[in-house]
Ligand code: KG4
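Next up: a single chain in structure tokens, the form predicted alone.
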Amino acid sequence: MNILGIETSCDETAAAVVRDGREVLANVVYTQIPLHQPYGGVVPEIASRAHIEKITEVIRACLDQFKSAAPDGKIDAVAVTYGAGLSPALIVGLNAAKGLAMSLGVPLIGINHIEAHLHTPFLFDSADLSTPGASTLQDPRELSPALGLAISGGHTNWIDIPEYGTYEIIGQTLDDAAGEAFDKAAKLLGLGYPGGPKIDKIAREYLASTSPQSNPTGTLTPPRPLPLIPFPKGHPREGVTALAGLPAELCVSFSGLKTALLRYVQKEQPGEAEIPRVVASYQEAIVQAVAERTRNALKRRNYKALILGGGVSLNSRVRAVLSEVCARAKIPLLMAKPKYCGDNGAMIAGLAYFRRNLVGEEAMRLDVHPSLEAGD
């Protein structure tokens, strides 16, 4: 079954065709990063206008790729993100998908953006079929129960997946998502937008420079760097209203961390040479906060895997630390290829093969749902 997926929840205009929920036959993503860089963040009106300008071109390019990959293939359904995301951006993709489904005479499938991120580790490219093991990647339905962690610019959620297609949020950020916390720190420090990749690069280089180095005699000479700054790890107090009934040990707040960074910069006024230490310390606070909540969540039941998805899952330190967490828990950590970590149409088309609770006429009546949560 070939499903065309359309994604316009934020600042990527994306379309992809996925066969049987796993094999990506075509994938096109137009990123708007250059349009939003002057403003230090995504501007909804600019995002919406760019989606309108590019959606037809992106879909056409995707279908051209599909025809090259499968000359005799046909589109069996159209899937689209209807939430969560920016309302003006979602509207463009949803309307385009409705029109395309009607013109092709195929069903429309509405897909939850957060849930789709947790499908990305199960995607592979047609070219991978020649690589041993690629086509035999475990079926997601065989991994229940699993713990999902959706970590991106808009979401940081720990999600219980008792069976594939059933989702329940068991922990989350109470304010900014991890990606947003990275972007705001980068803006404060003058690093530019998007902040996440820049912070990851600077922190990775700093931590590498402070690792023990071999000297000419072959022995290790540990450097003596200043310790990382002890920024707060965002522990909310049990019983606060913002928890909305969720356990405090599985939730995180990054507002205090951002305030701590601001106060540190104002007080210490770090110079250019000191910024890498500040960046590495800030990133480590986020990563360790995420790791701690993940360890707590893994104690809830005998999970078969941790499924990691979302743009921040590309962060090298997040991957390294969560790999350690999973190794200690003796479960696999499932992560997407780098190109599928950010927003893309393949995750929408892939999940649609397995999850069709909103399909056909019901999907055609859908409106956008900017605040949609996993499991809604």
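Just so it is clear, the structure is predicted and the values come from calculations on it, not from any experiment. Position 1 is the first residue in the sequence shown; the rest follow in order.
Heads up, the form predicted in complex with the ligand isn't pictured, but that's what we're talking about next.
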Does the ligand, in the predicted complex, lie within 4.5 angstroms of each residue among H113, G154 and N315, using heavy atoms as the measure? yes
Flag G83 as yes or no: does it have a non-hydrogen atom within 4.5 angstroms of any non-hydrogen atom of the ligand in the predicted complex? no
Answer yes if any heavy atom of G195 is within 4.5 Å of a heavy atom of the ligand in the predicted complex; otherwise answer no. yes
D175: touches the ligand in the predicted complex, heavy atom cutoff 4.5 angstroms: no
Is it the case that C62, even though its partner is missing from this view, gets within 4.5 Å of the ligand in the predicted complex, heavy atoms only? no
In the predicted complex, which of the stretches 86-94, 195-203, 265-273, 231-239 has residues with heavy atoms within 4.5 Å of the ligand? 195-203
Name the residue from L322, C341, V28, A50 that puts a heavy atom within 4.5 Å of the ligand in the predicted complex. C341
Under a 4.5 angstroms heavy atom criterion, identify the one residue in G179, G171, P140, P121 near the ligand in the predicted complex. G179
